[in-house]
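To begin, one chain is listed below as structure tokens, in the form predicted alone.
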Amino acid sequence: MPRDPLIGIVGKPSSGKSTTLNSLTDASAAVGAFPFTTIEPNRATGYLQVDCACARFGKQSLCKPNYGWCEDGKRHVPIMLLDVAGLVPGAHSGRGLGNKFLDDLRQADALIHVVDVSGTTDAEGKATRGYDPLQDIEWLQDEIRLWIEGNLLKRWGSIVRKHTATRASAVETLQAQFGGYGANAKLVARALSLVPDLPPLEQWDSACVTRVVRAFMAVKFPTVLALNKIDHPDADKNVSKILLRHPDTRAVLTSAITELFLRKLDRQGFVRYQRGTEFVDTAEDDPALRPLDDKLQQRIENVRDLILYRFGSTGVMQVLQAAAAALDLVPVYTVKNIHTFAGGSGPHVFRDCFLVKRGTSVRSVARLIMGDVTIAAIETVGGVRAAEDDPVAPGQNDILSFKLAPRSL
């Protein structure tokens, strides 16, 4: 990805999309229990928790990021999020402002699909009981497929004629069509490789187009299911049905509203909450904290029993980690001094961190961060020279120092 990765948050109205966004960031998206609370798409900065390089070298006390923060070797790296207004069945044909919202997803690199597993909201986000959330997973994927497929089929005749006249490859022809979704030739080729026994493009029927679009969606929009509202009594049976029907889909159990509740109490000094874990301290554990009244104390006990001790966390941080893993993102640290890892003249280390795709070349990382300047050398840990084509991976070429060439006279 030549630009910063963008994670799109999608789902029906009232599923908890905006609550999930707010639990990942400080964005103030409107939250409500009715359709189209979010009228305009909201972009915000979320924070992805990764193991910081400072912990490898015992420099946690000196780690002070320029962006985000680091707590005892756990770094919170900024990542862009996009919350799009609720989709409803028929969105691909314009129902419920659907085309506008689908179109806003063009530049997303991965999707977090927030699913209300309580079964208390229907397909349009209206209050009900006993709704099967399996339907939400299937119709949302169908809406995105029908949107892309419709864009192709409405001009399929001219696409085939141009393809035949220019003797282009299928990759070249489809790249021209999928370029609006941010797809390059490599991505299109990967999608086509997932479709077995595919005839020449000029012989494709509508069934072939559907297979190709499904494969394209798999590589262009890798999706993580955020199975939200897990504290509801009906959540267990609905989660089981979803996991049985979609065993290969990335899924994380979440309670976004619980995450917000705990973070609010933490800010107010009532609890000490370690994000992404089951650990919540109260005044009973630490007298420095403000005492809770009986009502709040009971809510904390319920949160511990129904969510934290049972599932290990609220799942909110884990769902963002799953989306980053779907994109194969690796944190890369750029430093000025490769021996001390300092970012300047001060003592603080690992000031800058960027997220890039695993396997990205060192040269591409340099261009992404430094622009078009001429670089004389690239060094990694121990002052070892890195070749421009060397790939980036966790623990491999993920700490870099760029030496600029002197300006030509």
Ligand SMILES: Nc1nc2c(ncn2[C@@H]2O[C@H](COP(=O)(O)OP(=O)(O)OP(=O)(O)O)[C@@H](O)[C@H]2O)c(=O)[nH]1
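Source: prediction; values computed, not measured. Heads up: residue numbers just count along the shown sequence, starting at 1.
Note that the form predicted in complex with the ligand isn't included here; everything after this is about it.
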Would you check whether the ligand, in the model of the complex, lies within 4.5 angstroms of a non-hydrogen atom from each of 75, 319 and 321? no
Is it the case that residue 266, even though its partner is missing from this view, gets within 4.5 Å of the ligand in the model of the complex, heavy atoms only? no
Is residue 229 a contact residue for the ligand in the model of the complex, using a 4.5 Å heavy atom cut-off? yes
Does residue 303 reach the ligand in the model of the complex, with heavy atoms at most 4.5 Å apart? no
Using 4.5 Å between non-hydrogen atoms, is residue 256 touching the ligand in the model of the complex? yes
